[in-house]
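Single chain ahead, written as structure tokens, the form predicted alone.
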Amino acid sequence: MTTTPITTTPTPPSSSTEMVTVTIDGKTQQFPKGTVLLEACNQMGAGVPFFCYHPGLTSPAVCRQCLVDVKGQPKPVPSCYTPVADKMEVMTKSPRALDVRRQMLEFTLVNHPIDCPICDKAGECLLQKHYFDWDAKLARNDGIKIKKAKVVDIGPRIVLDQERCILCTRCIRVCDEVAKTHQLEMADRGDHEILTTAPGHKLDNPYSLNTVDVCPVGALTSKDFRFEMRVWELYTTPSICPGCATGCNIEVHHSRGKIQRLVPRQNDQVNEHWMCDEGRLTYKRVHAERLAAPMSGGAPVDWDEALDDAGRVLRAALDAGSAGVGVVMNAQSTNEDLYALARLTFDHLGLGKAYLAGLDQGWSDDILVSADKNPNTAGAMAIGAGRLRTLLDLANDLKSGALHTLLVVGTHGVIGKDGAAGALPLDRLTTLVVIGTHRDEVSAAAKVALPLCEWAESDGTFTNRLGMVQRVRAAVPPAGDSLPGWEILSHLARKLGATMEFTEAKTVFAEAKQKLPFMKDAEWGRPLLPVQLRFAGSRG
């Protein structure tokens, strides 16, 4: 399924795009014709503030915070709404432009509550930032502020504080232009104007949490993140959403070894500025019901003993007849784990029975969400190179007795949501060795179960439905004694008499890049350390 355009953001200029010459604060530069003046100014380092503007949405010019002086214009113009023109001369710091911006900011703050100490947005709030960027003076208004509703439940995932809303309309435009659903609107007029839901609606579209991202203040907050963590305590690590085959680029926000939230990271080729609500909640599985220690015979053991036991039972099974030994790969695994498993399965052990597991198909749309709920089906199929069979084939082979031993790497989707073990009669196996992330029916049935890192605990790559190989980075420490799949398989290979010396994920990637055509143009990228989110009001 292809991704259709979801915003009005213009496409990047080609070499044939007409260029215009603009002078901004005395500096002259060329820009593609049609570039928004606000972006041109800020590319030149002008630092023009804004509230209502968002690069992925249309520009209504309602906040008037981005006003600049343009030579020949009788009054300041909204730079978020004005395209650049040839020979345009712009002054972003003229006394008149600064004065009207200061007045508009003061007007915005007239009725705004001083909720910063308890507001989830504190530390990443645009209103807070602009206030500190000016002079942080006390308000001149000593009158009674207009009171509006607080803690308004407007949908299953969102809480609204009408007092904090600065009427920028970003959230309305996200619903209308991204989710294609009109669920929010403004009501009343003047200083009594409020954000509310459209008549007969709740804010429940599949992209509703994007309204929290774009809200420049703390008017819209996520029920999942609300009051959980101060944002300046969070670290951010770039990664890829594991929720479906689209592979939305995301930031993992984490603190003290725990993920607190996932937010979209801009990639115009994949997800632009957005992601679905379902994908945002995939982090929860990282910290729930984990297989955190090696198990042998149902009892926890150390890694050396577990690897010895796994190697012994698999070696005995191979000696009894390799035709009855099979391997289950998983579309939730990284390319690196899959490549290491393919090397062991096909090159070293010469096995002929390999199957592909993964989460079941689900709902989809023509915006971002793919029916394939696995992040790396494309990578698994390419690495399997036509040698992978389905779980239905696995069930038939188990029922017919064609398999007596199974090595499962990644248990997601091996047994369906209803836990219907009858679909996979694992009790017919003589030997089951599992490398998995969670305590479930499959790991519980294993003679040896080895703890595997989740997607947010290891480095690697996923291949999305468009064939793009995208980097996944470790954000939080592994649960318990968990290890990356490629590392476990390297240790297991030695126990089976195979030579597969991988020392880090980048080494696996480099070898796969040389041998797999779909990865030949992929880039590992430079190492990125987690970055702490800055407090917007800080002066440092």
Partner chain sequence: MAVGVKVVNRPGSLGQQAYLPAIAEGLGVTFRHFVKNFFGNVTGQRKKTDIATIEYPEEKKAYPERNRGLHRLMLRDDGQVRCVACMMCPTVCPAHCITIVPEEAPDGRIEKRPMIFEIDELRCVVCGLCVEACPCDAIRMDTLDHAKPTYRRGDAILDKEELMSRGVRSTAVQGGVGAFWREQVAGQPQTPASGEVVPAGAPHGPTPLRDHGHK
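Positions refer to the first chain, counted from 1. Values in this document were obtained by computation on a predicted structure and should not be read as measured data.
This next part talks about the form predicted in complex with its partner chain, which is not shown.
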### Task
Given that the partner is absent here, state which listed stretch (174-182, 188-196, 270-278, 112-120) has heavy atoms within 4.5 Å of its partner chain in the model of the complex.
112-120
### Message
Just checking whether residue 233 would be counted as a contact of its partner chain in the model of the complex - the rule being heavy atoms within 4.5 angstroms.
### Response
yes
### Task
Indicate whether its partner chain has at least one heavy atom within 4.5 Å of a heavy atom of residue 427 in the model of the complex.
no
### Task
Would you please decide whether residue 373 lies within 4.5 angstroms of its partner chain in the model of the complex, comparing each non-hydrogen atom pair?
no
### Task
Give a yes/no on whether residue 315 approaches its partner chain to within 4.5 Å in the model of the complex, heavy atoms considered.
no
### Task
Have a look at 139, 146, 320, 402 for me and say which one sits with a heavy atom within 4.5 Å of its partner chain in the model of the complex.
139
#### Entry: Contact residue in the model of the complex, chosen from 348, 202, 226, 387 - any heavy atom within 4.5 Å of its partner chain
226
### Task
For the heavy atom contacts within 4.5 Å of its partner chain in the model of the complex, list the residues of 253-290 involved, in sequence order.
none
